[in-house]
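The form predicted on its own is given below as one chain in structure tokens.
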Amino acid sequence: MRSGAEHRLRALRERLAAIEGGKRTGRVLPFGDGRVDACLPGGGLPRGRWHEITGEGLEQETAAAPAAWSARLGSRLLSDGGGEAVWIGQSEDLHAPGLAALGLRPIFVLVRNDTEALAAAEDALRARGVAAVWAEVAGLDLTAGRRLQLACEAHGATGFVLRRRLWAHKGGAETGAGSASRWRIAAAPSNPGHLPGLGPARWRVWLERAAGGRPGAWIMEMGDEADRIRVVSELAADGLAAAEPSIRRAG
């Protein structure tokens, strides 16, 4: 009896969180694949909120795969509704031609530490005409997370916080509480199919937490302009992909 009551209470809390998220934004960015959208409140990535993205292994320092995946996903925000993108970094290692190939041409802002990065992100999110903001930080606390969310709500811009350990010695709490979702991204082997050379970029994608949603894991692949990211297959608990079914659209 108690187990059933706890289950119903948990379901009610998740439903209320999903409703609250919908009140704040009223919009989502669907991946276009039920396996992913079913894990997210409202059937897609909530717009007008901020999302935490981290890497795995060495990617926790370089953030190459998280940057590429989030750039490809974020470019959909711009193509759907227009607006500018702003990328705030603490190093000059961002490869602008690579981002352009992913469909993103942001305004780049170079800062010295997490404090400056978060302050710049707030300003950018509050600026009219800005649709999406990326901020590379070692970490942020609950207060910083709440300030980012208030900035997102000002004009409905979406934030992507890329966690990088490269600057961890500069400070920064190890929590991203307050984000609408938390993702972990790693590179995956490409599949050239019947073509010579390398195939489209692929990523292992873990949705670790979503307010009002549930976790999930997939192999995703870079698509074309109309189909920016495709879901190739689901990931098992051991991180291995299941046999590849027909590819479905995912944003």
Partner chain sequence: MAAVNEAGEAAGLWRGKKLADSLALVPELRTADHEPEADASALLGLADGCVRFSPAVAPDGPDGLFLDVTGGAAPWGGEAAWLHDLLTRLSRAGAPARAAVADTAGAAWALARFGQADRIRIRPGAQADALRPLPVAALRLPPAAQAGLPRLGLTTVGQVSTLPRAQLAKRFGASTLLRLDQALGTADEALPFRRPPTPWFERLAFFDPLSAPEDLRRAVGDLLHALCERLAAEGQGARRFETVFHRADGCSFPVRIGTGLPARDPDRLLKLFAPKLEFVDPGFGIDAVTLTADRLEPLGERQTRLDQETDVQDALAALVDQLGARLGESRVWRAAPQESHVPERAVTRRPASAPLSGFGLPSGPGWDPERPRPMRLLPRPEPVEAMAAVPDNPPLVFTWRGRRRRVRRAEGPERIAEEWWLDAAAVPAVNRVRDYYAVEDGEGERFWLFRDGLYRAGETPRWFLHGLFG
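Positions refer to the first chain, counted from 1. It should be emphasised that the depicted structure is a prediction, and the values quoted were computed from it without experimental measurement.
There is another form of the same protein, the form predicted in complex with the partner chain; it is not shown, and what comes next is about it.
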Item to check | Candidate from Gly139, Gly145, Gly159, Pro106 lying within 4.5 Å of the partner chain in the predicted bound form - any heavy atom | outcome: Pro106
Checklist entry - Just one stretch in 40 to 48, 27 to 35, 210 to 218, 56 to 64 has heavy atoms within 4.5 Å of the partner chain in the predicted bound form, so which one is it? => result 56 to 64
Next on the checklist: Within 4.5 Å, heavy atoms only: does Gly178 come near the partner chain in the predicted bound form?
Outcome noted: no
Checklist entry - Looking in the predicted bound form, any heavy atom of Leu110 within 4.5 Å of the partner chain? => result yes
Next on the checklist: Residue-level contact is defined here as any heavy atom of the residue lying within 4.5 Å of the partner chain in the predicted bound form; does Gly199 satisfy this criterion?
Outcome noted: yes
Checklist entry - Applying a 4.5 Å heavy atom distance criterion, does Leu150 contact the partner chain in the predicted bound form? => result no
Checklist entry - Taking the partner chain in the predicted bound form, which residues of 115 to 147 have any heavy atom within 4.5 Å of it? => result Glu116, Ala119, Ala120, Asp123, Ala124, Ala127, Arg128, Gly129, Val130, Glu136
